[in-house]
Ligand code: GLP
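Next up: just one chain, as structure tokens, the form predicted alone.
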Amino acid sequence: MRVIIKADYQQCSKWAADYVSYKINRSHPNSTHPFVLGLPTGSTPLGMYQELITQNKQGKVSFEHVATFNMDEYIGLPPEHPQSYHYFMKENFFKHINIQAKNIHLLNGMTRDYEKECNDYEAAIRKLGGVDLFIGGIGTDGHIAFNEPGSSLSSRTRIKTLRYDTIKSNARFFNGDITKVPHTTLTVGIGTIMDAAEVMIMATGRNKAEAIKHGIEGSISHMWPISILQMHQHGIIVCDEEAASMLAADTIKYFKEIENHAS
């Protein structure tokens, strides 16, 4: 596991965006072999998206031959709903870059056949040769995508009922009205994420510190889904000082020394 510890949110966002651009450019994608990128929603990746938009406009990276697969979507929210992840991605990223619409993949929360939608999503990923880099955030309880504590560590894309704590937390996006928060979602599985050639998890803020501690120093457990990243050959955690605040001093020293030597 590679752990990048930066001073604050802005530095984490810049590092993550630079890494995404580096991986895309290094792969030399084309129309028949696109670079496949797994993407998250939420507040954590917004800074990264803003930096990638800037780099795209400056000609430092192109998304013309990049295919994307988002992690999840609420069931029952149409794409034009302001809190749907379709809407989030369009407004905060896709409409600002030179990505082709045919290369954008998001789960359809309005489908009537959840099993087919999930199976088709997995098939679409396989058809493109798998995800090259899957980016995600984590919840305070260590969940990745909507794979909450207790989720199978080998789970695939599926329908998922949300815990009350998650619904309560997400009410802030629905004007604080918990009754408006969907209780079910479609989400990629932990196994789906772990199949990617690389996985990069972003975490900032002191409220993510316990999850980061379990993810890096704890035992692998489905009660802390982030901990499965320890099993990935190319797993990266990008966090700020506050998110790393519960790690042992020796752990922080170890990872910082590695990065300082590498640079």
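Only a predicted model underlies this, so the values are computations on that prediction, with no experimental measurement involved. One rule holds for the numbers: they count along the sequence shown, beginning at 1.
FYI, the form predicted together with the ligand isn't displayed, but the following is about it.
In the predicted complex, no heavy atom of T68 sits within 4.5 Å of the ligand. A residue is said to contact a partner when one of its heavy atoms sits within 4.5 Å of a partner heavy atom; S219 fails this definition for the ligand in the predicted complex, lying far away. Interface residue remark: T166 is counted as part of the site for the ligand in the predicted complex, having a heavy atom within 4.5 Å. Taking non-hydrogen atoms only, R158 never approaches the ligand to within 4.5 angstroms in the predicted complex. Contact with the ligand in the predicted complex, defined as a heavy atom within 4.5 Å, is made by none of F35, H86 and E122. For the ligand in the predicted complex, the listed stretch (122-130, 106-114, 93-101, 70-78) containing residues with heavy atoms inside 4.5 Å is 70-78. Among P149, G191, P182, G137, the residue placing a heavy atom within 4.5 Å of the ligand in the predicted complex is G137. Residues from 165-201 that approach the ligand in the predicted complex with a non-hydrogen atom closer than or equal to 4.5 Å are T166, N170, R172, F173, in the order they occur in the chain.
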